[in-house]
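Next comes just one chain, in structure tokens: the form predicted on its own.
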């Protein structure tokens, strides 16, 4: 299997780096300061492959706090709010699509 860092990134718009938090599996986003957050609005946004690779390389090196980081598309609303850019990320952002036991 090819490492995510060795794969050619095709950037067709704004992207972010996302992963799951190691401790509890929560969806997290990489910030410009090199931290992780659960707030998509605080995610670092890349518009070039080089910038996305830089963010991904730093995120991948942080294997103590995050699992399997990858680049995902984002969209902006008219008022510049950041939203997930594809169906997979919309589901991860909104949470499970089924009712969980005891919920």
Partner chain sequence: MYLYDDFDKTLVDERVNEFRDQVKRRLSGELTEEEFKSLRLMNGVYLQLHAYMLRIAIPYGTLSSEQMRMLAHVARRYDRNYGHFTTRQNIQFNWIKLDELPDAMADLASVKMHAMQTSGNCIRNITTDQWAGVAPDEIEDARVWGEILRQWSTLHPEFSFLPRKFKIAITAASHDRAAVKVHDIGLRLHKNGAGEAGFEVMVGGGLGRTAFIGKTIRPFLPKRDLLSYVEAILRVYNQFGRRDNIYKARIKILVHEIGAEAFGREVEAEWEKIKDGALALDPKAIAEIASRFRYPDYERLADEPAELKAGLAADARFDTWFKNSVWRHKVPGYAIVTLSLKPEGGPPGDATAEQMDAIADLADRYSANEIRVGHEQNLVLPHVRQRDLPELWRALDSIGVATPNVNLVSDIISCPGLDYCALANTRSIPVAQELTRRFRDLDLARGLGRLHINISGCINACGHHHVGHIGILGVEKNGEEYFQLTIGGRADEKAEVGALLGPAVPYDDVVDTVEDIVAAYLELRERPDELFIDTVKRIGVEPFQERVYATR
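Predicted model, so just to flag it, every value in this text is computed and none were measured. Numbering follows the first chain given and starts at 1.
Omitted here: the form predicted together with the partner chain. The next part is about that form.
Trainee: State yes or no: in the predicted bound form, is some non-hydrogen atom of residue 91 no more than 4.5 angstroms from a non-hydrogen atom of the partner chain?
Mentor: Contact with the partner chain, yes.
Trainee: Tell me, yes or no, whether residue 64 is in contact with the partner chain in the predicted bound form, where a contact means a heavy atom of each within 4.5 Å.
Mentor: Yes, residue 64 is a contact residue.
Trainee: Just checking whether residue 24 would be counted as a contact of the partner chain in the predicted bound form - the rule being heavy atoms within 4.5 angstroms.
Mentor: Residue-level check for residue 24: yes, a contact with the partner chain.
Trainee: Residue 35 versus the partner chain, in the predicted bound form: is there a non-hydrogen atom within 4.5 Å?
Mentor: Residue 35: no, not in contact with the partner chain in the predicted bound form.
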